[in-house]
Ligand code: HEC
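The data below hold one chain only, encoded as structure tokens and taken in the form predicted alone.
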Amino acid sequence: MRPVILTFLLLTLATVGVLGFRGRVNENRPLMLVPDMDFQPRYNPQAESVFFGDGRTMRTPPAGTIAFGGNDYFSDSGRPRLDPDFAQLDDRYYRGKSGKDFIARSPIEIDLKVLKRGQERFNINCSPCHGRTGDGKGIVTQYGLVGVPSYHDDRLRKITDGEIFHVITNGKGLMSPYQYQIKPADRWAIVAYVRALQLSQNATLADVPEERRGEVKP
């Protein structure tokens, strides 16, 4: 019985001794089995350098440097290849602008495949607020959200494709930006589908190809 009690007391003292020092400041470096993960020969951003003459660790990129990156970083020959979605050099495609002005028309070719993709992305990302037809009466408006505009208002029918793209990208008012959730190509597909929705609610018989006007129901 006595060895059991002695063992219990020793374990209790050891536990109290170890846990009793938790939270205390100690100037000694903790014991680390693999220290190279925490202590690496590198510079931190904005840190001071003793190697460079001006004392700065952050260096100015050489003139003419172009950003590379993304999944398609190297070409088949092993040389770096420009990733357009990473560099985003085309203002018309990536920002919907030419200079300071929004572009009037989408820079991509619109076909049935693009419209179907736009419909899918619109229904997932936009319809909860804007509604499936773009009338501003999405499901969230039934739970208190107010002020969602209808795409069929004259003001929104007259704005440029570039401005619609800009709002999807950067948000506006209560609307959050979607530049990280939706790729540029899909944003332009949504713009095309929004135009299709607007046309569907404001079309005339003259907008229907003559050979298919017989299919229109009165």
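Treat the numbers as computed from the prediction; the structure is a model and nothing was measured. Residue numbers run from 1 along the displayed sequence.
One more form of this protein exists, namely the form predicted together with the named molecule; it is left out here, but the text below deals with it.
- Note on the partner interface in the predicted complex: the residue among L115, A87, I108, C129 having a heavy atom within 4.5 angstroms of the named molecule is C129.
- Three-residue candidate spot G162, A192 and A196; no residue lies within 4.5 angstroms of the named molecule in the predicted complex by any non-hydrogen atom.
- From the list 56 to 64, 30 to 38, 43 to 51, 145 to 153, the contact stretch for the named molecule in the predicted complex under a 4.5 Å heavy atom rule is 145 to 153.
- Using a 4.5 Å cutoff between non-hydrogen atoms, A185 does not count as a contact of the named molecule in the predicted complex.
- For the chain shown alone, K172 is a contact residue for the named molecule in the predicted complex, at least one non-hydrogen atom being within 4.5 angstroms.
- The named molecule is not drawn, but in the predicted complex it has no heavy atom within 4.5 Å of Q119.
- The shortest heavy atom separation between T133 and the named molecule in the predicted complex exceeds 4.5 Å.
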